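One chain comes next, on its own, written out as structure tokens in the form predicted on its own.
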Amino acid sequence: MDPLVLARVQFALTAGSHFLFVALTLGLATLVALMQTRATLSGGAVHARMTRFWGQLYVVNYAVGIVTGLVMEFQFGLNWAGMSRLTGGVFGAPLALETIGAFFVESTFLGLWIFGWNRLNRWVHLGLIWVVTLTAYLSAYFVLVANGWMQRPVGYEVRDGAARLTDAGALLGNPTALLAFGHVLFGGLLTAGFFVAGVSGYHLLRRTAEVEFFRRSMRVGLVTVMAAVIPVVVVGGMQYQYLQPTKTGGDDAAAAVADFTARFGPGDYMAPGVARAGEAVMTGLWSLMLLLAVVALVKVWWGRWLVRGRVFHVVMVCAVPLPYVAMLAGWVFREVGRQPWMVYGVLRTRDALSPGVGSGTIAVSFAAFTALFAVLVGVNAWLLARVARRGPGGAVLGASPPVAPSSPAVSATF
């Protein structure tokens, strides 16, 4: 098989799998921070238990997601050395900021939050989860700055055969990055909302002893869905004004193709048809999620239905994958629609491929990464399902350590 096709499919696999973790991490971190804020302000036991239960699910998803992110970073040096050589001076800057300025802070404060239960002041502990949440969004922003530059390169010039950053403000304020960040922000909230509602629906369907706990959790999930479902499509629609003409077609596309042909030689510069298929899937699933949000509005208005609607509980359990599939379809539209460019109008994908890498080498790495990511996704799904099934009674995050029994001699002294 063509090594270029193998390398592209391999990166699509790793990036798509990693994004499944990112979406839930971003949204669930926000909901956990809000739950802990309410628990800290009100002193309510139920909100404290909600923080621990949903926080444990967040930690599981975050921990496995880190491994997928580290593996994905290897792709640039493994298969795309041509990209690093030409555009590393610009593309690498936001990725370095993401790693040093966001991810390290996020992971450090998350560790303090995990092990700081019952050890730190409650306000300090609350501040930790908000730092974790804000740095998670900062991390996503820097990644999207790098991706936005690939979609719409700005603030650079090519000197001595390499791209050099000339305007950091243009890079960081690139509309394709800012709008994509807003789209991902609300997409993460939508994912977390359906996840919380789906897990709550599972327990309410089984009529567990924690009815009040999951009734409140169901309300949180449904309100989040209602709050995010409209903004996610509004911000997504705003991105169309910055789409590449070769993705949208028309007279501008013909002019762009003529320019590319003059600069790079003859070739197929129009976006592949699969990109439009991704757009159709994304739009259809959003329409279905909007319908579910309308039903959720009725459910929240008449609160007793949150517990009694068994059919609704089944629907919410089945709806958990919808935002995942919709976001992956959206990424297909965004990324495949950029082809045949790695950096639009600057570097073709075939020219970004590492020189001397044969199909045999990429086939081996493709098989290894496919097996690894299949295991990671399967382990994450199993762990999330296991923790979710146990309910709040099985949450160990923030639980007080058991007190060792006193010896008879010591007891007699008191």
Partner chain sequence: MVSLAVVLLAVFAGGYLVLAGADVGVGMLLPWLGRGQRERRVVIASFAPFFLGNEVWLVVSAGLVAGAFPGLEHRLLADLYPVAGVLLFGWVVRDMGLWLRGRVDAAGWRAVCDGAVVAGSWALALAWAALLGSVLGGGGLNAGSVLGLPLAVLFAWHGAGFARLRLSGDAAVRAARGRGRFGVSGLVLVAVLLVAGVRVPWSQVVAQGGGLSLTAVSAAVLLPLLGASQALVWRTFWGRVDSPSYL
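Since we're looking at a predicted model, the values are computed, not measured. Positions refer to the first chain, counted from 1.
Separately, the form predicted in complex with its partner chain exists; it is not shown, and the next lines address it.
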| query | finding |
| --- | --- |
| Selected contact from L179, V223, A256, V105, since only one has a non-hydrogen atom within 4.5 angstroms of its partner chain in the predicted bound form | V105 |
| Option touching its partner chain, based on a heavy atom within 4.5 Å in the predicted bound form, out of A388, A63, V346, V46 | A63 |
| Interface membership of I362, its partner chain in the predicted bound form, 4.5 Å heavy atom rule | yes |
| Close approach of G89 to its partner chain in the predicted bound form, 4.5 Å, heavy atom | yes |
| Exercise: L41 in contact with its partner chain in the predicted bound form, heavy atom 4.5 Å | no |
| Residue contact check: V9 to its partner chain in the predicted bound form, 4.5 Å heavy atom | no |
| Its partner chain in the predicted bound form: contacting segment from 72 to 80, 319 to 327, 258 to 266, 192 to 200, heavy atom within 4.5 Å | 72 to 80 |
| Complete contact of V229, V234 and P245 with its partner chain in the predicted bound form (any heavy atom, 4.5 Å) | no |
| Neighbours of its partner chain in the predicted bound form among 282 to 297 [non-hydrogen atom within 4.5 angstroms] | none |
